[in-house]
Structure formats: C-alpha cells, structure tokens
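First, one chain by itself in structure tokens, the form predicted alone.
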C-alpha cells in the first residue's frame, strides 16, 4: 500500500505528538520534520530533521504538511505561506480571528491548487462539529461550551512570548455552578467571565518586571482580558515538578426544546477528558491530514474547516467497511 507522506513543521509537544500519532496508522509515514532549531539538536522517534528553510525544496517528497506552531505568532504567517507549496493542516485556535485566517489561507491555497484544512483540533474542531450537529437538531436551544480543567497550549504559549517570561502554564477552569445550571435545563446567558476562570503559573526571568508581566497577561486581547485571571509566579523547579503534565478536556452541551409549545426538554452533551492535550490534538490533525490528501486527489482545493470535510475522509477504512462496522 502506498503511504501518505507527512511532513511536520515545528517539533514541540504537538509535533512530537503528530509523529507518535502517525506511528499508530497503517497508511501514513513521517518523512520529514522541519524546525527553526538546528536539526542536529533535535531527536525524533525516527523521522529525519531539516531546517525549516529547506521545506519548500521537499515539495515533491511530501503529500501533506502538518503545521505545529503557535496560533499567536506562527500560524498566521506559516499557513498561508506553506499553502503555496503543500497541502497543509493547522490547529489555529484563536476563535476571534478565524475569519481573517480563512481569507489569508484561502487566497494562497486556491491560487496554488492546494488543500488547506485549518483550525483542526478539539476546539476549534471536534467541539465545533458537535455545536453544528446539536444546533441543527435542536434549533430551539442554546449552546454551551466549557473547557477544562486543563492546560491550554495556546494560552501558555502566548504567555511564554511575553518579554521577561521564561516558562509558563495556563489552566482553564470551568465554573461548576454554571455547568450545573445548564445541565438542569435553565438555558442561562453567561458572560465569558461567568463560565471560566484562568489560572497562570509563570516563571519570570531574573530581573524581569513581574508587575508588568502580570498586567500584560490580564489585559491580553482574545486570551485573558474577558476572564477573571490569577497569576502565580513560581520557580522553574516548582513548575517542572507540579505542572509538567498537559491534561485538558471539556464539554459541549446543547439545551433545547421540542414540541408544539416546547414542552419537551432535551440535553445533548459531548465531553472529552484528555491526559495529554497535545497528543490528542495531534491525533485529530493526523486524521484530517488523511482527509487533506483525499481531497487533493479529487482536486477540491482551497481552505477548508472541519465543517467542509465528509466524515468518511477521516478514516482509512473503505466505504464498505464503514457501513458494515460503524453505521
């Protein structure tokens, strides 16, 4: 069987997760890892490593490029750029900027006849699909999404990019009373602040202005400014000891009514509990890389989201197998 040739851009937690996820498939192989770091300093699980500057020279050797950079600074530039040369998949997760990201990626992918599936993961991604399904099924209803408790990779990355920050972890914590109200069918209206708390553990560089760092975090648009945020400054040793894991999860709940007078109430709930946020997100990216390859085969070029991908394209199984085993 001819395997789908995968390239990985960025080899942090998410990039390593992609290599591990591909190893669990039978129809894919990782043929290249590209990094801004010196290739000789990176140890993979077997994939060859190249400078990111060499990536465009590998166009003929790869079927899909999975982009594993951060949403704050990397993906807004990398995804449109690489969509000129490769079919790509990214995990862009800044919800407020998705329309803007789509336009930039669509322009390049359509022009160069590539498939670019963006904002792939569990939210945006799997949770987005569940919001779509449930709102279509229960039009008289309200959606509620709760994240956590868990480490947000994107938010932690955004903190680490602040001047004076050496390392950081950010936990998103749902407000339990809000979840309970939704499950009771009350259909309340929440502000962002009423649904979640944000707790940050930060290692400051020596001599850094901690007050300025804390203020920068709490006022950061699209990340912290709409939430009650607590910032703790701790040592690198304490961070390593107590916050080395990357768990996460959450819930998508649709509370709705049916019947002539809305007399019957229904709750649709989808939940995730993840030991490793990056490894699970990587597994979603790999499934959508398979779909990107299939869409390129039938020339469905352009920027796509999870809404645009037929579910069967995610699976290595044939239509006959899917109908027999899963339907």
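Between two forms, the rigid core is the largest collection of C-alphas that superpose within 1.5 Å. Residue numbers count along the first chain shown, from 1. Please read all numbers here as calculations on a predicted model, not as lab measurements.
One more form of this protein, predicted in complex with a further copy of the same chain, exists but is not displayed; see below.
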| query | Are 290, 323 and 326 jointly within 4.5 Å of a further copy of the same chain in the predicted complex, each by at least one heavy atom? | reply | yes
| request: Would you kindly say which of 41, 297, 264, 59 lies with a heavy atom within 4.5 Å of a further copy of the same chain in the predicted complex? | output: 264
| request: Please name which of the stretches 80 to 88, 120 to 128, 161 to 169, 233 to 241 has residues with heavy atoms lying within 4.5 Å of a further copy of the same chain in the predicted complex. | output: 120 to 128
| query | Does residue 279 reach a further copy of the same chain in the predicted complex if we count a contact as any heavy atom within 4.5 Å? | reply | yes
| message | Taking any heavy atom pair closer than or equal to 4.5 Å as contact, tell me whether residue 195 reaches a further copy of the same chain in the predicted complex. | response | no
| query | Applying a 4.5 Å heavy atom distance criterion, does residue 95 contact a further copy of the same chain in the predicted complex? | reply | yes
| Would residue 54 show up as a contact with a further copy of the same chain in the predicted complex if we use heavy atoms at 4.5 Å? | no
| remark: Across 71 to 85, the residues having a non-hydrogen atom within 4.5 Å of a further copy of the same chain in the predicted complex turn out to be none
| message | If I superpose the two forms on their rigid core, does the C-alpha of residue 176 end up displaced by 2 Å or more between the shown form and the other one? | response | yes
